[in-house]
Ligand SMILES: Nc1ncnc2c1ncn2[C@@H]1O[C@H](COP(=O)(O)OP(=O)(O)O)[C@@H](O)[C@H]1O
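The chain below stands alone and is given in structure tokens; this is the form predicted alone.
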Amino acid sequence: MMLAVDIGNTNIVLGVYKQRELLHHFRLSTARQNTVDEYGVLIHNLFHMADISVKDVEGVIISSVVPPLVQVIVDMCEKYIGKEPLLVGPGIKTGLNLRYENPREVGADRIVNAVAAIEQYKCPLVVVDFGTATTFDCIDADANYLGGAIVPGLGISTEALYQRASKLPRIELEKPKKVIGRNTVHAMQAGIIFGYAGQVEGIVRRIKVEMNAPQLKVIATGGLASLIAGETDCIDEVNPMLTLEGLRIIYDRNK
């Protein structure tokens, strides 16, 4: 078995693979203050509930956009799983041709998503990852990674509205019944959800024009992908496991 760990700003997502098959996946809140032992306890409890033995884990791969947590999770893997993990970063074999001005600036999550998308779908394509930030990653017909766009995520946008507007409440991210809200909560939900869908449509439309690829495929992933995908026809497919699949592919290429 192999353990894939994706450390994001909001969540840590874990996937347990047996060869190419994803047996189990888990989602934890990203807690920067947690210690090696606290994460070790969490992993052991999750594995126990899923009837998995850490002794069966033959390797671990990690991608992270939270630098302070990398060493914590690495130490946890060595102490509680007994494996030194593979880190997605400079020097690792990804098979991805980066056409970025400075390839070292590309986040590990964006690289992993691109690797998985190229493996699973026909190029050209765009990967839209709805995380703490929403990223748009563009891959041309020759499977070159071109770059993309980064915008504040849904959660950040909602929290900023609550914090900066004194009379607006903190709300749940739910789809309202109508775009014309009859109360403050519904009005905020309409503006955030439908406005965000419009933003995605606008960026995707401009990408298609810039790449001269009107038929390119748009793949959505991330925790809030389904919420927005249901409000726009510019997203062709939602793949919530895309990042974990990318980690598995990269692990296999470096094993």
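Residue numbers run from 1 along the displayed sequence. Predicted model only: the values in this text are computed from it and were never measured.
What follows is about the form predicted in complex with the named molecule, which we do not show.
Please identify the residue among T94, S157, T132, N144 with any heavy atom within 4.5 Å of the named molecule in the model of the complex. By the 4.5 Å criterion, the partner-contacting residue is T132.
Partner-contacting position among R205, H48, R27, K55 - heavy atom within 4.5 Å of the named molecule in the model of the complex: Among R205, H48, R27, K55, a heavy atom within 4.5 Å of the named molecule in the model of the complex occurs only for R27.
Which of 209-217, 222-230, 194-202, 40-48 has heavy atoms within 4.5 Å of the named molecule in the model of the complex? Result for this chain: 222-230.
Applying a 4.5 Å heavy atom distance criterion, does N239 contact the named molecule in the model of the complex? Because no heavy atom of N239 falls inside 4.5 Å of the named molecule in the model of the complex, the answer is no.
Let me know which residues along 1-27 have a heavy atom within 4.5 Å of the named molecule in the model of the complex, or say none if there are none. The stretch touches the partner through G8, N9, T10, N11, V13, R27.
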